[in-house]
Each structure stands twice: as C-alpha cells, then as structure tokens.
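In structure tokens, the next block holds one chain alone, the form predicted on its own.
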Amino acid sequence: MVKRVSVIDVERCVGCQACMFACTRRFGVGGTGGARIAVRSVGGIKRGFVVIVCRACPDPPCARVCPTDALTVRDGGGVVFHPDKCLGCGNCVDACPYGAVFWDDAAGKPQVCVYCGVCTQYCPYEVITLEEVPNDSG
C-alpha cells in the first residue's frame, strides 16, 4: 500500500504551522519556506484555517501539463518529482486545483509532497494523518 497525507479535521487546526516546520526540516532547512504543506488563515481563530496538501490525485493535472515528465504519476495517486528533468516552466503550479504544488524561488522548481508523513507526527491536534491507499498494481 502507498500512503498520502489527508486532512481529517480542519476544525481542530489552530494555525500553529508545526506541520510546515516539520516538513521543511525534513528537507534540511529551517523555517517554513521549503514546506510542501501549507496552513493558511481564512479569518484567524474566529473563522479558522485551511490546510493545503497534495491530494494524491489518481490522474494528477500537474503531471499532465509537465512537458518533460519531471512529474510522473505515482502508484496510488500523486506524483514523483524528478528535478533533473524540470525546466522550471511552472505549468504544474498553475495546473494544481488545490494549490498544493509550491514553488522554490531559489531553485526555480516546484516543491511537491513526498508522502513521508513527517508533518503528521508534529500536528498536536491530529488535524492531518498519513493514510494508506490502494495502489494500481495490487
């Protein structure tokens, strides 16, 4: 079985961004700039937050628009990013209906969830979880 990050209860989110810090740290940097997950306010504590994460689409639009196959479809949905093939065109960012393909200005390339689940381990309110999804091959 393959895995994906899922939002299980956005009402619990307090906007602490611990998931974002954990994600960025997983890639060896500090802060939130390198996160492949985002927490955005829709009005703060009074109106809540939204958690933006790759939905692991079975037929991902981001991969369909990539002219160099830098994003390939992953078994079970979602994509695998191959940075050596990326031209930096940004088509993938524009194509994602969820806003879950983020952009690395320094590298001039997209940042996409790798479905590791580190972010879920640091969410103090169990807003997100790493769930298993059936893959295409079995």
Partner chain sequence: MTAGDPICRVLTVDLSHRRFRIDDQPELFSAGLGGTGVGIRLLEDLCPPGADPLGPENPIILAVGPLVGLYPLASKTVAMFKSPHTGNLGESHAGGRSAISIRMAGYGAIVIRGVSSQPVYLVIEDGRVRFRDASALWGLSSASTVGRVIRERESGSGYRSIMRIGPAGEKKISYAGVIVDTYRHFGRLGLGAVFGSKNLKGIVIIGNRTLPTVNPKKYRKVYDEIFHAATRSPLMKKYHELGTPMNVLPLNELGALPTRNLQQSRFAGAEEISGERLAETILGRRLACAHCPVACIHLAALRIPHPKEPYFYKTAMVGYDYEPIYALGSLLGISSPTGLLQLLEEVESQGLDAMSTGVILAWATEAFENGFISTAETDGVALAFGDYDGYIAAVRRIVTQPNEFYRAVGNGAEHAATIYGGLDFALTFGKNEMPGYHTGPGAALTFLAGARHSHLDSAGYSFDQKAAASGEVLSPDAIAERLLEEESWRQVLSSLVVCFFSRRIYTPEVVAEALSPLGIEMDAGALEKFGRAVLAKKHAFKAREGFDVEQVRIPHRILETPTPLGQIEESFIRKALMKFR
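Positions refer to the first chain, counted from 1. Small disclaimer: the values here were computed from a predicted structure and weren't measured.
Keep in mind that the form predicted together with its partner chain is not shown, yet the notes after this line are about it.
Visitor: Counting only non-hydrogen atoms, which stretch in 61-69, 74-82, 88-96, 45-53 is within 4.5 Å of its partner chain in the model of the complex?
Guide: Result of the contact check: 45-53.
Visitor: Might R26 be said to contact its partner chain in the model of the complex, defining contact as any heavy atom within 4.5 Å?
Guide: Contact check for R26: yes, within 4.5 Å of its partner chain in the model of the complex.
Visitor: Decide whether G30 counts as a contact residue for its partner chain in the model of the complex under a heavy atom distance cut-off of 4.5 Å.
Guide: So G30 counts as contacting its partner chain.
Visitor: So, C113 and its partner chain: in the model of the complex, are they within 4.5 Å at any heavy atom pair?
Guide: So C113 does not count as contacting its partner chain.
Visitor: Quick one: is C57 in contact with its partner chain in the model of the complex, heavy atoms, 4.5 Å cut-off?
Guide: No - in the model of the complex, heavy atoms of C57 and its partner chain never come within 4.5 Å of each other.
Visitor: What residues, if any, in 96-131 have a non-hydrogen atom within 4.5 angstroms of its partner chain in the model of the complex?
Guide: Counting only heavy atoms within 4.5 Å of its partner chain in the model of the complex, the contacting residues of 96-131 are F102, Y122, P124, Y125.
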